[in-house]
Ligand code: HEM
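Let's start with one chain on its own, the form predicted alone, as structure tokens.
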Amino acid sequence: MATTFEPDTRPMIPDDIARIVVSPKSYTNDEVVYGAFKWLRENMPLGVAEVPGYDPLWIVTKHADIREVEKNAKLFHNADHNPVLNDQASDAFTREINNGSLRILSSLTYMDPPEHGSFRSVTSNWFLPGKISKLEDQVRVLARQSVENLLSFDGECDFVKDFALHYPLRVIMTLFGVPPEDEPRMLKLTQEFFGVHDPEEQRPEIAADPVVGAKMWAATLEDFYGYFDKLSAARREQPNDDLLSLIANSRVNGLPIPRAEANGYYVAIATAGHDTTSSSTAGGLHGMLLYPENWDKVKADPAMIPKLVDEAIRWTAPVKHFMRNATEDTELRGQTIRAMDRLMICYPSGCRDEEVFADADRFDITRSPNQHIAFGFGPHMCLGQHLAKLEMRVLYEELLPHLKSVELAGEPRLVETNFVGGYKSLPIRFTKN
């Protein structure tokens, strides 16, 4: 049932601002979307958006409020509604093809306690910092191969299409156990999965459909499941030491992991496991090009690369939102939130909150501390954050010593998505040392 609010008792966000925050197209223009977030933080940090075709939503823009919602997974649920924002028509289509349920993907993001903790524990030890640090030599080999490929270009390339997309894909697929020859397929499916609203990623046969986003999501999931069903069965018969074997042979509450939940894990790792890292990697370079004092600092002192990584993740914030709903009446920032009210958690806004980050729109690798929330916060905090930071640190360590200078060679382009995404193009010219 859609949430209904009483507009005279709750702060109502102006229509133009609400449409910007909700619309996938807004996220192709940082000035537009970050301008809307800034207005909200300054004027209505927690307000209600009523956009035609969508459920009414509380828009959560402040760093402190996002942390408050995120840390309380019993009061603010993921799974009672759709944890990803869709319009009402798309949610209706999903229920129609999914036996009345919006849980079309049984991944951790669609789970609440205690189910969430049971399934998160399947891989939580694998992603611990100590375990991840042991992968550095293997990751560095892949980084060097990627850098060699970049340097083979004659001083000009698209940093995203020719480089940033492929390195984290190769890392996660190698650790996951996906054969190298299948990586292009995984990349294409990921771009379709996160780019359901981007005309350049939509499948032609459904591009004109009014619920194209929901249909793209469902079609992409079907293709992922068909692929991973076969690979999972093979790992159950002949397991090895890769991450896919771990999941395929895990038991939850004493029983083998069900197909839906196993596929939910596979899809999450096969998509978010590299797409967010490639966006942040490109964002780090773009940030240094816009604020070149950072390039000079990190070139002079490579020990600053970990700070570069954190700032790249904060400044890019590739996860744009997740949805929550209140399980009971509560209060947030002095506003009464009713049971089943929906909240849109806006991570890019929290990562630009001026109360936490001085000169928040500026790319600055000297920030200390850098308490960004691009990985989320609390029980749902990103499992793969330590792997992502390792990948980025190692890549920059291998890349930067080979580059004397870099400049933009064209206009950067961003994916049309309000969910997960970032750069689709970053043309550069470079000179080698």
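In this text the structure is predicted, and so the values were computed from the model without any measurement. From 1 onward, residues are counted along the sequence shown.
The same protein also exists as the form predicted together with this ligand; that form is not shown, yet it is the one meant from here on.
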* Asked: All three of Ile20, Val84 and Gly350 touching this ligand in the predicted bound form at 4.5 Å, heavy atom to heavy atom?
  -> no
* To do: Check whether Ala388 has any heavy atom within 4.5 Å of a heavy atom of this ligand in the predicted bound form, and answer yes or no.
  => yes
* So, in the predicted bound form, is Arg324 in contact with this ligand at a 4.5 angstroms heavy atom limit? -> yes
* To do: Give a yes or no for Val51: in the predicted bound form, does one of its heavy atoms lie within 4.5 Å of a heavy atom belonging to this ligand?
  => no
* To do: Give a yes or no for Asp65: in the predicted bound form, does one of its heavy atoms lie within 4.5 Å of a heavy atom belonging to this ligand?
  => no
* To do: Could you tell me which of 373-381, 32-40, 397-405, 51-59 sits within 4.5 Å of this ligand in the predicted bound form, going by non-hydrogen atoms?
  => 373-381
* Asked: Though this ligand is not shown, can you say which of Lys299, His116, Lys307, Lys215 has a heavy atom within 4.5 Å of it in the predicted bound form?
  -> His116
* **in the predicted bound form, the residue from Phe127, Phe357, Trp295, Tyr227 that sits within 4.5 Å of this ligand by heavy atoms** => Phe127
* To do: Pull the contact list for 108-134: residues with a heavy atom within 4.5 Å of this ligand in the predicted bound form, in sequence order.
  => Leu108, Thr109, His116, Arg120, Phe127
